[in-house]
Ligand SMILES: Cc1ncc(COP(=O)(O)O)c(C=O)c1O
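Next up: just one chain, as structure tokens, the form predicted alone.
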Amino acid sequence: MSEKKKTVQELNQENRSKWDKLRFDTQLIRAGEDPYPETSNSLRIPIYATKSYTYSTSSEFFKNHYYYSRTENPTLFALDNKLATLHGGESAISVASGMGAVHLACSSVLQRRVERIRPNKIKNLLPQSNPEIIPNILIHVNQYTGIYRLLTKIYPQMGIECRRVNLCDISEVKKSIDNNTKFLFLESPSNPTIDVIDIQACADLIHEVGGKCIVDNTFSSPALQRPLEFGADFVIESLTKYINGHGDCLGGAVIGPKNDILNIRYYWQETQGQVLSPFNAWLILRGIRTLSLRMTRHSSNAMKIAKYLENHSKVTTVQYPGLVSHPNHIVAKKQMKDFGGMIGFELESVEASNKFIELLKLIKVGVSLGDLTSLIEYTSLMTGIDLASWERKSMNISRRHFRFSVGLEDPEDLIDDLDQALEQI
């Protein structure tokens, strides 16, 4: 009698048990990338460029895990399994962009189960139908502008109150949470001013009222910080940035409990269609294998440059978690294995700032971050260009602020470029 063929789900469970026993750097190379599904002996997961999957019988169809590539694709599943393993989470879903991941995670937390209710009764479930129990959410006063727009301008149109709070001040967080607070969303380090927020303290407070803690971990990646270990319920990664690391594709991911990720995959992703292409998933798998090596170099380069900037007479402020001068350096040491490649700094005047950005030669001016190549942005004119002046002021983004994504070039060459530009202003 032939041995019963194991389902993809059974193979996945066996593989995950094996991957969890490995150390992080080995997981980067091997997790998610056993021959899976077992259709070839390829060393690397293939690109499954298909829209659907066919079977000989209906029973065979229901035993397998792949039906339609809007929700299931083997190349994406390899990436999902790797990300879940690296974060120590139960499950993960990779999607088209970091912003897509943010919206899917937030939507799933705010979800009311309405799919079996007659349409004319759905209006009774809208928040506006009972103004005494309007749900609210908490975000940091300084938030990446894309997330800021989503949560402060779009979600309120759906009846969700968004409260902007200084999440670095735990007493202020405690005062702002009530029984209608559905989730607390934080980035640490934050974009663009590199604030560091105590994940454990925020998670403990929101859990007291039954809410969820969602952490955007893009600036750190799982190589430097694993928020689930500090009480986060969901982790967001913009795969576009450090995890891919090569600046050649977009992607995002949500990592969290298995049942919640299943809900995101088969309800929210199925409905909204924020699908990552198999080719982009393959590129991200290619990039992630060197994540630890890259993050070590990003961090060491950034530390040298942060110290240089801190000691330069024409630089007024430097924000880098690895500096003792950072207001939450102690929290960063508790949460982070190393301090990453992102620096915020300001010069002495707007005139000097305008001139400085034009004088750089080696360092490229551009939005985004996490590339091999160093990128610097003049924050108020680039990421913050669509913000009103009062919004930038409320986020502590001055017209002298720069966000510097330190790349993998020789740090002395980067310092030479900064030095020649600063000497001319």
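Residues carry their position along the shown sequence, with the first being 1. On a predicted model such as this, the values are computed, not experimentally measured, just so you know.
Only in words, not in the display: the form predicted together with the ligand, which the text now covers.
Not one of A49, T71 and S277 comes within 4.5 Å of the ligand in the predicted bound form, counting any heavy atom. Only one of T75, Q335, N244, T218 comes within 4.5 Å of the ligand in the predicted bound form through a heavy atom, and that residue is T218. Taking G211, P227, G256, G98 one by one, only a single residue has any non-hydrogen atom within 4.5 Å of the ligand in the predicted bound form, and it is G98. Residues with any non-hydrogen atom within 4.5 angstroms of the ligand in the predicted bound form fall in just one of 232-240, 322-330, 301-309, 267-275: 232-240. Among heavy atoms of I147, some come within 4.5 Å of the ligand in the predicted bound form. The ligand is not drawn, but in the predicted bound form it has no heavy atom within 4.5 Å of D195.
Though the partner is left out of this view, I45 does not reach within 4.5 Å of the ligand in the predicted bound form, counting heavy atoms only. Although the partner is absent from this view, E187 contacts the ligand in the predicted bound form, with a non-hydrogen atom inside 4.5 angstroms.
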